[in-house]
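Only one chain comes next, encoded as structure tokens, the form predicted alone.
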């Protein structure tokens, strides 16, 4: 498990326009969802965690070490990131070549690489498709290829940028199992999401970004209970939570199962 500490983090693409404005927080073992409107700074934030961008102020510590001092290969072996659009990530002409590329680049031993690749293919339900060209597959399946390519690197931390995009119920369930499996292995999972129902079902901690700052940070129940603060960030509660509120229920229900249990 990796511990990531963010100290007074600032970032600007242009001097006159700050994207992140003094973000301070610690990311721990709890599966964490980052939510907020487009332009709130979420994707910029995770790109900084991954080392794809460099802060204009502040620093990011990985297990106490400033990531600015880590090589690209070292950081890649510790933090993996699945991009929102798999077309921005996939470039090999077979599924296996794509999934095995990352482990090879970070110098993973051959025997471990085979085990990790097989495990990743199984988790993403891609077994038997190793020789298929990812670009002959649909968007949903390409997303799974992108996920498997990061899982195979066996990093301490995995970042997902909108993992449920283009996924049907079956695909979302697969991703839910992947995230819970990673958490069960003691890995840190961070995800940017707009799907509040998925957040309520899968994650333990929610961080709300608004205009480059952290507006809220707490457990899923704490964050989704505060309807006024969510509205301030132009966000909605999960569907079940909103329905129960409209029906006059006093409790905070995040899932259908919770409501059925109470009634």
Partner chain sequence: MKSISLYEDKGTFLNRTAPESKLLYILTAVSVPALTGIEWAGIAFIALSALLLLTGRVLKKTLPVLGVSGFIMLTVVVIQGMFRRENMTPVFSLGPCVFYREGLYFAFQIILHILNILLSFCVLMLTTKPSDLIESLVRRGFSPRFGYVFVSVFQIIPQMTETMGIIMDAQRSRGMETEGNLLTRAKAFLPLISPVVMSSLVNTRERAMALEVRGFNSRCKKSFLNPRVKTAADRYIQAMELALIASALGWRILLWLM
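Positions refer to the first chain, counted from 1. Model, not experiment: these values are computed from the prediction.
Note that the form predicted in complex with the partner chain isn't included here; everything after this is about it.
Site residues 74, 135 and 153 are all in contact with the partner chain in the predicted complex, judged by any heavy atom within 4.5 Å. The stretch in contact with the partner chain in the predicted complex, judged by heavy atoms within 4.5 Å, is 43-51, chosen from 61-69, 43-51, 207-215, 25-33.
When contacts are judged by a 4.5 Å heavy atom cut-off, residue 188 does not count as touching the partner chain in the predicted complex. The closest non-hydrogen atom of residue 98 lies within 4.5 Å of the partner chain in the predicted complex. At a distance threshold of 4.5 angstroms between non-hydrogen atoms, residue 122 is out of contact with the partner chain in the predicted complex. At least one heavy atom of residue 89 is located within 4.5 Å of the partner chain in the predicted complex.
Contact annotation: of the candidates 105, 177, 94, 127, the single residue with a non-hydrogen atom within 4.5 angstroms of the partner chain in the predicted complex is 105.
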